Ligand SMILES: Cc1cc2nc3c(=O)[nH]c(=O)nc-3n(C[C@H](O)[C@H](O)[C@H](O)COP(=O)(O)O)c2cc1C
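Next up: just one chain, as structure tokens, the form predicted on its own.
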């Protein structure tokens, strides 16, 4: 199976990142997880999940598949996913705050999320960025364009409605399915459009 990293940062929409972690782990992929300080705050507020950004709990992230989870401290520059020599199949920043997007676009590498994104871009690996903000300012759009031009795929958290969603979970799954596809994996959360 593949090995992915998921970074959950401080934008609203933490449920997207949490669902992504759980679906990838259930598919028996190894999932490295980084949660920023803001991401931990949003997880607590929106998902009623209390995690430490320095020691996120695998059991809380994916209770049924904790063995597939590799948690990393947000400040750990020595984590394996911070090195180009580590064979990661892809990184999803889901949701991506505009502050995180700015740091990734500038290549600052100032925390584990920004450094892992920098490594993904320099190594030509899949980097999927899920911005959750509205409206976008010109600065936001420039930063997103910079990332896309550097090789990232931008998947805004914009669910579709052609599959007749019946719940908030269906809307979340639409976005998560698109992220999984862009990571290069198969998903069975939503049916493809048949026309």
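Numbering follows the first chain given and starts at 1. It should be emphasised that the depicted structure is a prediction, and the values quoted were computed from it without experimental measurement.
The same protein has a further form, the form predicted in complex with this ligand, not shown here; the description that follows concerns it.
- Figure note: of the listed segments 146 to 154, 64 to 72, 164 to 172, 35 to 43, the one touching this ligand in the predicted complex, with heavy atoms no more than 4.5 Å away, is 35 to 43.
- Contact with this ligand in the predicted complex, judged by any heavy atom within 4.5 Å, is made by just one of 53, 132, 126, 29: 132.
- A single residue from the set 18, 183, 25, 11 has any heavy atom within 4.5 angstroms of this ligand in the predicted complex; that residue is 11.
- Put simply, residue 99 is close to this ligand in the predicted complex: some heavy atom of it is within 4.5 Å.
- Put simply, residue 103 is close to this ligand in the predicted complex: some heavy atom of it is within 4.5 Å.
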